[in-house]
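Next up: just one chain, as C-alpha cells, the form predicted alone.
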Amino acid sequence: MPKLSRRALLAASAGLLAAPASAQTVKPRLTAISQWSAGSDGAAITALGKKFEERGGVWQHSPVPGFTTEMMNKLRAQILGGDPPACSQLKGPEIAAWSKIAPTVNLDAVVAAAGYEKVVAPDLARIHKPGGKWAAMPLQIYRTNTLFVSKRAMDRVKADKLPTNWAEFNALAEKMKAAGIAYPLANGGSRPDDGQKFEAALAGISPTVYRAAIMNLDEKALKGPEMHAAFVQLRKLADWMDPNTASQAYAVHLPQFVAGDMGMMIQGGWAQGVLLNAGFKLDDFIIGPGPSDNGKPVFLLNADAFIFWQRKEADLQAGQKLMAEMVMDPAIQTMYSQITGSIPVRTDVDLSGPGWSDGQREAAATLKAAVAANQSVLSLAHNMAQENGMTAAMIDVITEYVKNRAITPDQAVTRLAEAVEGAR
C-alpha cells in the first residue's frame, strides 16, 4: 500500500458529509460494493436499493459474490485506481485499517442530527468512528452465540427447557446422544464456524476474560484458566459434531437439524433467515441465548456496515448523505432485519409487532441487558474483535484443535498465545 502524505491524512479527517450547495439540486446517486448477492442477504440489499430509489436516488450496487477477501480485493483495486465506490461493505477493526488507505467521509453531522450514537452499543459505536469521527454506518447486528434447538429433537428426549449454562447444555447434548441422535450439535466445516464455537465457549465462561484475552490480547488472560476451560468445552462441542463436514457450510445440515437427527446449533441470527428461506417454519426450532455461566446475558456481537469514501461528485455526495440517513432510519433497519434474521443496530426499535420472531425479540432484549451488564463483546470468528491478520492466526489454532483430537487443551492454550505473539 502506498503511504499517504500528511496532507492526504488531514483531508481524510476533515472530509465532511455536507454536500456543496449545488448537490442539493442534483439527483442523489450511490455506487456501492458488497459481497451480498444471493439468499436473504441478497434480498435485503435489493430491498434497500429499491427504498433508495423510492427516495429519489440512483442505486448502483455491484455485488462481489464469495468471501469477504474477494470483495476487499475489488475495493483495493478501485481505491488504488483513484475510483473508490461511494460506499462499500466493511466491518470491525478493518474500518480503522482501511480508513488509513484512502480519505473517508466524516459522518459526525448526520449522526448527531439523528441522535444515533445514543442508541448504539458503545463497542459498536467505537469501531465505526476511527480517529473519533464516524466514517462507517453499522447496518445490522447478529449475535453469534445464538442457540438454535430442533423442536423435534427436544420432543424426542422429552425436554422442554433450553439450557442456560454450559453444564445444562452438556447434559442436554448427552441426553440427545443417548436417545440415538448421532450428532447433538449441527455444525459447518468452515474456519468461522470453528471460531464461533470457541468464542461462544469462552464468552459463556467469562465475558470479562474474553474481552481481556480476545479483544485486548492481554497475555495473562490468554494463558489463564478460563482459556483452558474454553478449550475443554470446545472439545466437547467437537465430539458432538459431524467430523465429515469438511469445508461445507452449516446449512447442509439444516434438513437433519429440523428433522431432529441433529439437536442444536450455535449460530448467528442469520440462520433464522436461511432456515425460513429454505422453506422451514419458526415452529420447527427454538431460538435462545447461548450458555452463560455467570447467570447474566452474554452477547457476542457481529455487525455488518458500510464505510463511506470521499468523492468529489455532487450527486455521489448527495447519495452518501441519503444512504447514511436511511441506514439510521428505524423503518429501514426494521425492513432489513426482518429479511435477514438480524436485529436492528438501534436499541430503541420496537420489535413487538408482526414480522419479528420471538428469537429476534429475545436477542434484542439480551443486547440491551448485556450492554448494561458490560457483557456485550465482539466476535473473533467474524472479524469484529481483531484485524484480519490477527484473526487468521488465532483461528488457525482453533481450527486445528477442532480437527485434531490429539491436541490437548493445555497445548491449545500455549499455541494460541504463541500465535498472538507472532502476529502482533
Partner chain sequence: MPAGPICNGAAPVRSRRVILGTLVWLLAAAYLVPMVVVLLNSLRTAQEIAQGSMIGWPKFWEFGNYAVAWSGFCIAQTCQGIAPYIANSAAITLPATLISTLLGAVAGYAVSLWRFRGDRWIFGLVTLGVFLPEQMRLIPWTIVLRDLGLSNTLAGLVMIHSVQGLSFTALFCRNYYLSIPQELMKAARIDGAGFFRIFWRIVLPLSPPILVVTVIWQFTGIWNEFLYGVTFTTGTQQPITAALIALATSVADVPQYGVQNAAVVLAALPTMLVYLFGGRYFVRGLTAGAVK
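Positions refer to the first chain, counted from 1. Since the structure is predicted, the reported quantities are computational estimates derived from the model, not experimental observations.
The discussion below concerns the form predicted in complex with its partner chain, not included here.
Exactly one of the stretches 197-205, 275-283, 341-349, 229-237 approaches its partner chain in the predicted complex with heavy atoms within 4.5 Å, and it is 275-283. Taking the partner from the other structure, its partner chain in the predicted complex has no heavy atom within 4.5 Å of any heavy atom of N165. Contact check for Q360: every heavy atom lies farther than 4.5 Å from its partner chain in the predicted complex. Under a 4.5 angstroms non-hydrogen atom cutoff, its partner chain in the predicted complex has G66 among its neighbouring residues. In the predicted complex, its partner chain lies farther than 4.5 Å from every heavy atom of E313.
Contact with its partner chain in the predicted complex holds for all three of E70, Q78 and A249, each having a heavy atom within 4.5 Å.
The listed set K223, K296, K74, R126 contains one residue whose heavy atoms approach its partner chain in the predicted complex to within 4.5 Å, identified as K74. Checking A372, V58, A38, V26 against its partner chain in the predicted complex, a heavy atom within 4.5 Å turns up for just one residue: A38.
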